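In the form predicted alone, a lone chain appears below as structure tokens.
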Amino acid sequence: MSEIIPAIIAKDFNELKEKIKLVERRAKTVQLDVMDGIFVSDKTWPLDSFLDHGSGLAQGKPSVNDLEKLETNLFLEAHLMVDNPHRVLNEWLNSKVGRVILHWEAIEKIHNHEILPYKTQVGAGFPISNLAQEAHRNNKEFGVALNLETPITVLNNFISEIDMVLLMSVKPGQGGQKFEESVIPKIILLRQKYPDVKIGVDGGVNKENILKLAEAGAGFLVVGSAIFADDDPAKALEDFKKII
């Protein structure tokens, strides 16, 4: 059965903790949406200003290390919508997250000589194999996200070395966008080509389309605003689970 994964967009660590509390009794996994204001237009924790919104004063430098203070049994995955994600990967591999997802579009123009301190034997233009190996050495899962316009053929060179593929069904970087139906044939094609691959779908997932996505072959269904914009996020999550 497909798993529903609540997606958390948080401006600071307190908001992150609050949103996790809203769903942790009904979820197994939560996705932390991390945006840098460069790869996508929005900026979130831990890359936002991290202000005390009561006083307006900075309360210290935001850091992934904040997660060490997080008390939860949920499996955490980080969806890094950031430019040059290889430069921050180590920070996430040393955190409490169990899975890190990087965007192909943020990596495709990076050459192997740019991903130091890592070393690789694969051809220039495909550093993902090396980054996946580094994640696995740290006992983390490694996923690759593809934007809507990116064909699944880019996966051919490293599909056996990654743990999952996250197919975007909206333009990354903002919650509440309209679901794009064009992701469905991509799911079907990817499932046919690689029957055993873990497939996630992220963006605009709601109660009207979630069953269609599960039937197409998506095993991980990432839901953001359709859960957290509800008056009762825990009930909204449970309703999604009943549908599939």
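Each residue number is its position in the shown sequence, starting from 1. Model, not experiment: these values are computed from the prediction.
Although it is not shown, the form predicted together with ligand DX5 is what the next lines describe.
Each of Val170, Gly176 and Val223 comes within 4.5 Å of ligand DX5 in the predicted complex, counting any heavy atom. Contact annotation: ligand DX5 lies within 4.5 Å of heavy atoms from the stretch 79-87 in the predicted complex, the single such stretch among 92-100, 79-87, 128-136, 156-164. Think of it this way: in the predicted complex, ligand DX5 has a heavy atom of just one of Ile210, Val30, Leu190, Met35 within 4.5 Å, and the residue is Met35. When contacts are judged by a 4.5 Å heavy atom cut-off, Gly203 counts as touching ligand DX5 in the predicted complex. Interface membership of Leu237, defined by any non-hydrogen atom within 4.5 Å of ligand DX5 in the predicted complex, is ruled out. Heavy atoms closer than or equal to 4.5 Å to ligand DX5 in the predicted complex belong, across 1-22, to the residues Ala7, Ile9, ordered by sequence position.
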